[in-house]
Structure formats: C-alpha cells, structure tokens
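Next up is one chain by itself, shown in structure tokens, the form predicted on its own.
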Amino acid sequence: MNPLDDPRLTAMGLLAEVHAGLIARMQPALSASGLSDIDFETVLRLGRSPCQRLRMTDLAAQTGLSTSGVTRVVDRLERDGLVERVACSSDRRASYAALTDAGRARLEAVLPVHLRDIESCFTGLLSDDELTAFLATLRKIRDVVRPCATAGTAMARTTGEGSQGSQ
C-alpha cells in the first residue's frame, strides 16, 4: 500500500478541511458582532459555564491559550465591558473571568445566527443518531489530545464553579 493513500492521512486532511470550512462559514456572523474568533469562544465558554464564570486558569485550558494569552483576551473583553474579573473567595491567588450583562447581551445577539450557521452546514447534515455518535467520538479524541479542555468540570459539579466541559 502506498503510504500516501493511508486512511489516517485522509482522516486528518478531511478534519482540517472541515474545520477551515466551518470557521470560514461562521466568520461573517462573528465579524458582524464585533467579536474575533477567540473573543467569541471566550464569551461563549463563559456563557455556558455555571454562574457564567470560569477561573482564569480553566478558561486558558479550555481555549488552548497560554495564561498570558487568556489574560490579554480577558483584558480586551473587560475594556469592552463584556467580561469582568472577580476575585475567588476561597483562594486569593485565583480569579475568575465573569460574563457581564453586556457580554451576555452580545452573546445572545450573535447566537441565533451562529446556531443557524451550525445547523445549515454542520449538525443539520447529521441524523440524531449520527450526531450523538459524532459527539461521543469527538469527546473521546479530545480527552486524549486536550484533556485539560474540561478543566473546571469536577469543581462545577461540587461547587457550582467551573465549566460544563461539553464544548
């Protein structure tokens, strides 16, 4: 067998093509909202988290940003009034990024268009069973390649602080 015909290469190539295509399809709605890709991901992750906040370290892990990278994003979103920092009552070293009312309003404004885009070129192409299997497969792979992406999940279950880890 020719190594260039290996189905593993095909799988990686298709995944890269699908990701690039989805990002390109989603970009106009995000641009219209005034949010960059990473700004939207940050606001979305905060919005989907218990109490609409995450520890800065968990937010960094979930977005794949470095600590300094997530600090810059949160600084920018804070300047725009979409996010605020909140001190952790149980650990002075930790702080949270929390979605503000303005951030929630911005997220709610862009979400219907974003969900429509997702439905039209992604999830709407799959049956319910296919989507369930696909999500399970993605989580299985994610748990190996980015196990830190669920950071905050255990804490969310016990204290209401953290994230859903289901994104």
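We call the rigid core the largest set of C-alpha positions that still match within 1.5 Å between the two forms. Numbering starts at 1 and follows the sequence shown. Since the structure is predicted, the reported quantities are computational estimates derived from the model, not experimental observations.
The same protein also exists as the form predicted in complex with another copy of the chain; that form is not shown, yet it is the one meant from here on.
Put simply, Gly34 is far from another copy of the chain in the model of the complex: not one heavy atom of it is within 4.5 Å. Another copy of the chain is not shown here, and in the model of the complex it never comes within 4.5 Å of any heavy atom of Asp39. Within this chain, Pro50 is remote from the site of another copy of the chain in the model of the complex, having no heavy atom within 4.5 Å. Another copy of the chain in the model of the complex is approached by Ala29, whose closest heavy atom lies within 4.5 angstroms of it. In sequence order, Arg104, Leu107, Leu111, Val113, His114, Leu115, Arg116, Asp117, Ile118, Glu119, Ser120, Cys121, Phe122, Thr123, Leu125 are the residues of 103-125 having a heavy atom within 4.5 Å of another copy of the chain in the model of the complex; the partner itself is omitted from this view. The rigid-core alignment places the CA of Glu130 2 Å or more apart between this form and the one not shown.
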